Structure formats: structure tokens, C-alpha cells
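Laid out below as C-alpha cells are two forms of one and the same protein chain, each shown alone and named structure 1 and structure 2.
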Structure 1
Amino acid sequence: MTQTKRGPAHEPITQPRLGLVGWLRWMWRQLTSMRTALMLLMLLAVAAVPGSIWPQRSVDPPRVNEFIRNNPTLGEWLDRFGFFDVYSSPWFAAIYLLLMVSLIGCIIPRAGVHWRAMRALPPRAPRNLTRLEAHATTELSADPEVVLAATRAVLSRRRLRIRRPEEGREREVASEGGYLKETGNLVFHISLLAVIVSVAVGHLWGWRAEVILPEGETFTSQAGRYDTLQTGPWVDEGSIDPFSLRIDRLDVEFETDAGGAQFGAPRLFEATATTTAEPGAPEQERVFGVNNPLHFGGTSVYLLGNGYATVTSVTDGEGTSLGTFTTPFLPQDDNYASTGAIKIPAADPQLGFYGVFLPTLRFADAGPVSDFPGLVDPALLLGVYEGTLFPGGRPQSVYTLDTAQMEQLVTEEDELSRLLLRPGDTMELPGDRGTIVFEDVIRWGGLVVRHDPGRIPVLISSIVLLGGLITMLTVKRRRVFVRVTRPGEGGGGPGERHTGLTIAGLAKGSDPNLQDYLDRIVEDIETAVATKDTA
């Protein structure tokens, strides 16, 4: 009830009310309280879980479609509440935005308090030191002034800030140390914000593209040349780095030693490439691969996929060449049974081949399969189609054949024509339509090209965050108070130099080692006094 307002005259009862400002202030207090922050944290943890249970559009869109197809009702409802886009859903955003606001509302006042605390003097010693939980008393055979000087020296050597001596309190020392704890805490929370801001920067100005590049072909980076290109809302497509890249050789090896599930697992995956940073720049030979990306300025190229591409040449019935085609096939299983389509638009009528490439052919009961991902007995199995390749001129995938306006060819025995080719084989197409030659198998590399201006800021803020975290968890904020009594006052024998010393400590938060710490200070003081005495 920080603000009250008088109600309008016609209201019978005038009750104190929170005005708009009051309400806002109340809400702000609630939002920035530790309790709310804690609730939001736990909520964030719970809200993140669904994204790991159901497929996410941001990660794997085809799996989302498959899930919705298989579970129409559940899928529809999940989709309605954003469970397939958890991390960009309004409810997830609401939680982390509230958490951010709560964080800011926590950081700002704390920073102010800490700033003042850093410049303020430690508070005076309480009247009764032995009431504090951690304390110790001892007697020293030295003058009180000597003991006080030694105490000050020991405390400042332990980097505790000491309160200036005041009149009437000459024989007590109040000190405080470990301000770094709160500094670390603030640094941790500020870096947390910095991480979130950097991620947002990367999202707004970053882009990611994919391209499949067969060995020997040169690729020049331009917005239109990529197979897919996802850009952040504020990306200028003209600013894409115009590097070019040719994969000269792609080395891939598979496990042949171990049995079981390990057999055929990939073991080596490396590309040797010729690159130029921009048009006209000198060519460079560079090796890159998994865990070893290429960098062109702020753009990085990753080798993430690989597969086989077939090189085939087709002639028509008169023996005229219709072209030589390098066609990437997409792997469908761990043994690289791959599907692809060879399209011959120059043929009349147009021809299309659709089928599978098997690096190691075996005839199983269910049909031909691949037994191993390496090229042991490569074979190409194709069906032949005739008709219109691009009905309506619509864009289509290069890996499949749109057979809406095509018909599969049949042999003279009236069976569907199927071709089985091994490298070097030439086969006649049915009905004197010409020949197809399977000339060679090469590999292709699946490249992911990424530009993320938030990457380095995220890294730096995370490292600072870790530093702040370690500081805040290891440094202890402690206050140490010492009071010295004259000989006789503390109960020592008269005439002797028994100066009493009481030390007590206060810690912020849990500090099981506080008593040890005080005992060690007392030891240090005793040593300091002893050496001063002998000197």
C-alpha cells in the first residue's frame, strides 16, 4: 500500500486503494522477488521438456508431419498449443521473457546496493561478540596497542576492509571482506542476459544454408545457388560471402573390424577442397571435415552429410548423346541404400529414371538391399518413365520423379522395365529408345553453410558467466570483529600483560568453515605479536 487515492465523490465508502502506479509497483515487486524467479526457473525447466518428447519443426520438420499423420487428433491439439514449436511458442517465450524481466529487476537494485556497500565502511562491532555463532577468545602477553596493530595487519593481509578507528571504540576492529562474491553474482546474472541477447543477435542477422556438392563440381556461394537457405529477419542476402569451393576428393571409411551394431559404422570422413575466398582471389587447397569446418570471414562451412552420386550418359535411338548426368542419390539407411532420379529433359518424349543405388548389392528375400555402406559391389536399379518431366512447370525435388504425367516403360514381354547396372555397364532401353551407360560412381558432400554473428558474443558471455559463477560460489562474504581488553579487564592476573582478545565472525549464507577461519586469524595474530615482542 504505497499509494492511496481518494475515490470519486459519488462513491459512498472511501477505501484506500492502490492506484495504477501502486499496482504496477506491487506487480514489479512480485515479479522481481526471489520466490517468483524460482517459480519461473522451475517452470522453464518443465516447459522445455515437451520439446524433447515430440518432434520439433525447428529440428526435423518431416518427423513432425509424420507424427501428425500417424496421430491426427493428438497431433492437431498438440500443434494448436505449439508443442511442435516449443522453443518459439508464446508460452515458452512468456516464461523466459518474464524471467529476463525478473532478472533485470533483480540486477539493477542489487547493483546499486552493492555499489554503495563497496564504498561504505564495514559496520561497527556488535556489543557482545560472544553472542555470534562463530567466535573465539584468547589472551596474549603483549600491550593492547601491539595486539591491535597486529590484528589490523593480519586482517588487511587477509584482504579484509577495516573500519576507521572511532573515538570511544579505539580497542575494537571491525572488518569485512569477500565483496567479490556479490560482484561475481552480478556478473553471472548480467552475462546470462548477455547470452540471451547474443542468441537473439545471431537469430536476427544469421543465416544457414545447405547444398549437396558432388566431387569435382565448383560451388559459388550466392543466395540463389543453395539447395535451402534460411535467413534471419534482418539479413541482407547481398551480403553473403561470395567464396567458392570445389571438393577434389572425399575420403570416407567404414568399420570392417568390429561386429554387431558397430559393423559398417563410419570411421573417417574428410574432404580435400580447392577454395577461393572471393572471385579473383588465389586458389587454396584445404582439408576439412567433421569437427573441422572451413571458415570464410564470418561464414563457416561444415561437412555434415555424404553419399553417392552416379555418373550416367544417355543416348537416344539414333545414337546421339543426350548428355552425361551426375546425379546425387540420398542415403535412406545406414548401409547407404540411396534413392535418386535421373532426368533427361532433352529426350523426346522426355525420359526419367527413378530407383535406388546400392553400394554393396545383395538379393534378400524382400528384394535387393545394401549390406555395407562402402563400395564393395555397387549396383544401380532403375525404373524407366516416359512423358512430361515437369508438369505445369512447377518446381520439384531433384531427388524424386513426379510421375503424374509419366508412364513406366514396359519390355517386349509386357513386364515393367527394370534396369540393373553395375559401373561400366551399358543397357538398351526398351523399344529402341536408346541406351544408358553407368559410367562411374563418385561421392558427394553435404555442406551446411552458417553465418552467425552472435556466436562469438555467446561464447564470451558464457565464459564470463562461468567465471562469475565460480567466484560467487567460492568467495565468502565475511565480517570479522575483534575486541581487545586491557590486562585485568578481561580477568587476567594484575601486573601481567594479559591482553584479552575476542574475535567473532558473521557470514552471508552458509559458511561451515567460518570458525576455522577465525581460529586461523587468531593464530596469525599470536604469531605476529610474538615476533613483534622478540624484535
Structure 2
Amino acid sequence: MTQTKRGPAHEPITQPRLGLVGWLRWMWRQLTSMRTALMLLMLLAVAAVPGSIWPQRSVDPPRVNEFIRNNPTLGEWLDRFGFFDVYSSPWFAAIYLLLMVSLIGCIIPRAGVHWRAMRALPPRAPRNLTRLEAHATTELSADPEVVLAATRAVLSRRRLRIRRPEEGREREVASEGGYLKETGNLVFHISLLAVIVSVAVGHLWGWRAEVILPEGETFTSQAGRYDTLQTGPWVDEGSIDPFSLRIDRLDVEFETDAGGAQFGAPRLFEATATTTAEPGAPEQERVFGVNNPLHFGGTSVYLLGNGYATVTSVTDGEGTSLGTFTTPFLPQDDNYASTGAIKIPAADPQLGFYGVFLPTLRFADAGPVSDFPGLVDPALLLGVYEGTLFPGGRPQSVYTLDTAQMEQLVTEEDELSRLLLRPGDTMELPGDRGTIVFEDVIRWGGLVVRHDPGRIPVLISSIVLLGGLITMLTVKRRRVFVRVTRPGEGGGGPGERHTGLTIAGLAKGSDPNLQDYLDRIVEDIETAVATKDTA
């Protein structure tokens, strides 16, 4: 009976298990790789795109509300995913934090590797230098010791670090240079991390505010005095710098050449102000403009807008003064046709005027318009309303009039009341409700106040980042090896060039100029040898 021989049973292959620690190590290595850092940087740039497409609450809340009203379905979903608060949204912050962690994980190990590389000796010369892609050979009429000394001197002048001579390798010179390339790479990444951190500091501890200030009025910096105020999550409103500012004169000039394409364009825009840095400090007269802000400690005040404010006085039907009101009007076009509201809460019932101010009045087919932004023929056109100015006690903008619980007055001819006033005019209100006097027109300046503790660090980090990037792109990491042959080894006789020299080089990365670099080193060595022989 024949027995069949069976081989050893095949045991199933058991795959190694990473375990929790192994998976965590793998995820950390993936996160801290340079590829991931670049992908996160690109993703951060893409994530910032919605901030430039849709209005942001931190910049223009009214536009956000208007967009949601006009697009209720789309606006609701965009708001739900944070597209109106892109830079404060959780998903943007997650990308931001992951990028910071990735950069830190890239920088720390690479810094250690670079530090050890800078302290290590250059590697020994390969056995056959001519096998390297970039190499050159020549012969010199000098002793090998002279050639070696000239070689070391030339390489030292080129800032290459030279390996110390070793026994049995006295005729070789191994050198390496271009460590600044990796240093620039590290500086670039550290600076990029510093920019990210500085921007985060500015967001957390920074704030931005706006206020319209007419000429002659004094503004004191307090949280409740600003027209709009956006603060970072960690800002203490009580820490806002308490400076004061009064615009004494606002100088604005416009192009008056009616035949030119720039007619009406602003040519001068600056303000003369009296400022006080803190309570009890002496007053200072200072001039500031669009590109010349005022600075109060870490707070900067920019003059970014201007317009007109009307000065009006109102009396009731018995001739009692209800007050004098300085009302800013907001420009709606390049010719400064401006809208605004004058509110008289002391009247009974309350009165409100809403209309437009025209610096240069002209009656067109479509109605009154402004032809020029300067004060050539100023006029104030108002509709008169009475009722409740603040229905339900709800706050409202000082530049608009809520007419939900108000009615427009009518004249004796049963027409809606509309007033046209020029400076100095006095007009009776319908129904013996009093008078309004258009006393004067003054200018106002639109001030933007910013406190950004990350601004200077961002500037410094960006400059250092640019320097690191330039260094990284221009400096080449190179290794240069030189071998010298003794007299007679090359077969030369008396009077011949009898000391042989072979030079070769390696570059980290692409270096199309490596051969030219070696040729110039050979020329420098020949010059150094000839100079020493002559001496």
C-alpha cells in the first residue's frame, strides 16, 4: 500500500495589529507631514473664500440682515453653517488649529535633524569621484601640500565646512555648505506659524469700532459711545483706551474741472483735531488723514469717510424751543446726495423728519439731485411725520426713521407735507405744530478705531517669513570633494604639470549650476597655487 507524504500544514498568516498606540502614532505622523501641512494651508485659503463672497457680521451686519431677508431659504442655510461668520466659525477654527499643530509637528523634528546635521562632520569623499555627475580634473605644477592648502583656503572662502584630515586620507578634502537653505526653510515655517498665532491673538484680544463725529463735537472713547463695536471673544470692554478727540476742522476738496473725467473726485481729505491721550493729560493739536492715523497706545484712529451734517432748530406751536439738532446725513452716491433723520422726542406728539441733503441742488426729470459733492447750492428736503418715534421701546439706527407708528403730516391742501430748506430758511410746520430752522451745514468725519495686538507681530513675522523664503530658494546645499595625487602617480616627468587634482560635487535637490560652481572652484585653486608659487 502506497502512503502519500504530506508536507507541513500551511499556517494562516497573522497580520500585525497596530493597537491604539500604533494608530495614534500613525495619525500623528500623517498630521505632521509636510504634505498635510500644505494641504491644510490650501484648505485654509479655500475656506476663506466665502468670507469674500457673502457679507460678514463682523464687518457689515445690516447687509447680512438684508441678504437674509431677500434670500430667506439660502440665507437661513448659509447662516446655519456659519458663512456669515466665516472667520469665527467652528470649521474654520478647526482648520486653523490643525494647521498650527501640523506646523509645530513639522518644525520640531526637522529642527533637531538640522541641528545634528550642522554639528556633524561632512561625509568622507567617495572612492571614485569621476562617477559623480558633476566633476572636473586638472593638473597643477606644484607640490601636493601646496595644492591641498590652496584647496582648503578656497573652500573656506566659499563658506564650506571642511572635514578634518584623517590618517590614510591626507590627500582628500571633504566639505559641505549651504546649511542656510535648511535654516531658511525652518525660519519660513516658524514665521508662518508666528503669523497664524499673531492673527489669532489679534482676533481674540482685538476690537474694531466706528463712529461719525461732526466738526466741533468731542468724542470720548468708551464702549457705549461708538456707533458700532465688534470685540474679540477675550476683550474686556473696560480696558478700551479712554482717549478723547474733537475734530476742529475737516478739510475736503474736490476736482472742479467740469470737462475732466475726474470731476467731483476727492483731492484732499484730512482733519485737524484736538486730542487727549487719557483723562487729565494735556490737549494736543494733531492732523490726521486716510493714510496718516492717530495712535493712542495700542489703538489707532483712521479717517476713512466724510459727509455733511445739518444743524436745525425746532419749536412747537407755542414757540417753545424743542432743541437744536446736529444730524449727520449718510452719502448715497459720489455727489454726496445723503439721507438722514431728525428726531424730536420732546414734541407732543413726537415729531420726525426724514429726507435727503443735497450739496448742489438741481431739479431733474426724476426729481431733485446733487450735481457736485461740494457745497455749491445746499438744500434740505424733508418729509414730516408725527407719532411714536420708538415703537415698543426698540432701539433703532439714528440715521433712519421707523414710521410703523407714525403718519406723514398733510398740508391744508390735503397734500403730503414736504419741506425744501436752504441754510437760513425758516418754515412753518403744517397744522400750527411749530417751525423748523435750517441754521447751518457742517462736515462730519467717519472714524474707524482699531486695536489689534497682533498687527506688529504679523508685520515682523511676514518680513522674516519672506527672508526665510528667499534664503530657502536661493541658497544651494552642496557637498564638494577634492582628491590630490602625488607627483609621479600621474606619470608626469620633470617640468610637466605633475600634481593631479580631481573635484566632484553633490547637491541636495536640483542644482543645474553645480558643474559651473566646481569649474569656478578649480579656477580659484589654480589662481591660489600660481600666486603662492610666484610669492
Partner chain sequence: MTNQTLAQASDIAVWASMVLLTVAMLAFAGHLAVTGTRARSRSTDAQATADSAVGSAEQSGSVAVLTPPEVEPAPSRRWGVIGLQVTWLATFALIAGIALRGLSVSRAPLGNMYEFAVAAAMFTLVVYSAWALRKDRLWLGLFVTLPVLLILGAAKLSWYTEASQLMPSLNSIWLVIHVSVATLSVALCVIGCALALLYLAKDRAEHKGEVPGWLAALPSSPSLERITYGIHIVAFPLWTFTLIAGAIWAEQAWGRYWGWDPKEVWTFVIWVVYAAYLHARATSGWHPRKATWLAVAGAGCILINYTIVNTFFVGWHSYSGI
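This one's a predicted model, so the numbers in the text were calculated from it and none came from an experiment. Residues are numbered by position in structure 1's sequence, first residue being 1. By rigid core we mean the largest C-alpha set that fits within 1.5 Å across both forms.
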Completion exercise
Structure holding the form predicted together with its partner chain is number 1
Exercise for the section: Would you say whether F288 is displaced between the two structures, judging by a C-alpha shift of 2 Å or more on the superposed rigid core? Expected result: no
Exercise for the section: Return yes or no for F188: a CA shift of at least 2 Å between the two structures, with the rigid core superposed? Expected result: no
Problem - Core-aligned Cα shift of M27 between the two structures, given in Å - result: 3.1
